[in-house]
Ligand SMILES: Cc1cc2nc3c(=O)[nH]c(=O)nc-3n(C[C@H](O)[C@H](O)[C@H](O)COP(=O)(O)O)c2cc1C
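Taking the form predicted on its own, here's one chain by itself in structure tokens.
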């Protein structure tokens, strides 16, 4: 398995470099990396079907487990290539915030495996971008507003992931039309990935019409057979609608969308939560046992009514996208 030769930075824009890589996709879509949901099985199923698969490095419990996941990706992609397939590129999400003590070691492993796309989040990407570019990879960074985008572009990213209102888990709070317009005011020479409430191939086409180069699809992939999410989480997504999504900054200090029925089942009074200051409730990672049954999802839950294999879902998305074109 080899990376495509990167286009020389001096002779191409960041957007062109992203497009050189994503030209290997059946449709311009990424199965978003989701904590305690995404894994190599899900990522490989997506890559094999022509959609970029991904997972978060912090979804593993240790450096050793991440090492194993990277091995699974390399071996799985090799099997796909040996069978005559042309798998889509894959990506790993790295939390670059100083509070993530694993970040330096995780970045070292991602570099060793020459992961073709690195999705950075929760902090300024800083010096990591030059290092990512050093092995020929594409760097995309999560942003939720124009100022975040400006800082990411100053750091040299190839593109930004515009996380709009309606995304599952940690989310932005700006309408996707407004966010896309403000980000695109910064120029056309970088890529934009739009995230937030997308569940169909039609949505992917709509994101393109809004000026995005790629679409981020998260919640729809929770309800797949390969996803690590619990059966209860998957069933709740099938039973929920957009009005069942509860936005709160109090669970772990950052805006996040949660499935309200899971909060209620955990004994949380939603009226109290609405007025609870950030940090007053123990974060999930600090008390995993207590919060293991609190589930995230985005506004797109109302359009999800089955739990197919990921490859079947990808084929469905591709057909919808082509019909929309």
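Positions refer to the first chain, counted from 1. Since the structure is predicted, the reported quantities are computational estimates derived from the model, not experimental observations.
Note that the form predicted in complex with the named molecule isn't included here; everything after this is about it.
Only one segment in the set 106-114, 246-254, 69-77, 213-221 has residues whose heavy atoms sit within 4.5 Å of the named molecule in the model of the complex; it is 213-221.
Using a 4.5 Å heavy atom cutoff, none of 159, 181 and 191 lies near the named molecule in the model of the complex. Using a 4.5 Å cutoff between non-hydrogen atoms, residue 47 does not count as a contact of the named molecule in the model of the complex.
The named molecule in the model of the complex comes within 4.5 Å of no heavy atom belonging to residue 140. The named molecule in the model of the complex comes within 4.5 Å of a heavy atom belonging to residue 168. Although the partner is absent here, residue 195 is a contact residue: one of its heavy atoms lies within 4.5 angstroms of the named molecule in the model of the complex.
Applying a 4.5 Å heavy atom cutoff to the named molecule in the model of the complex picks out 56, 58 from 44-66, in order along the sequence.
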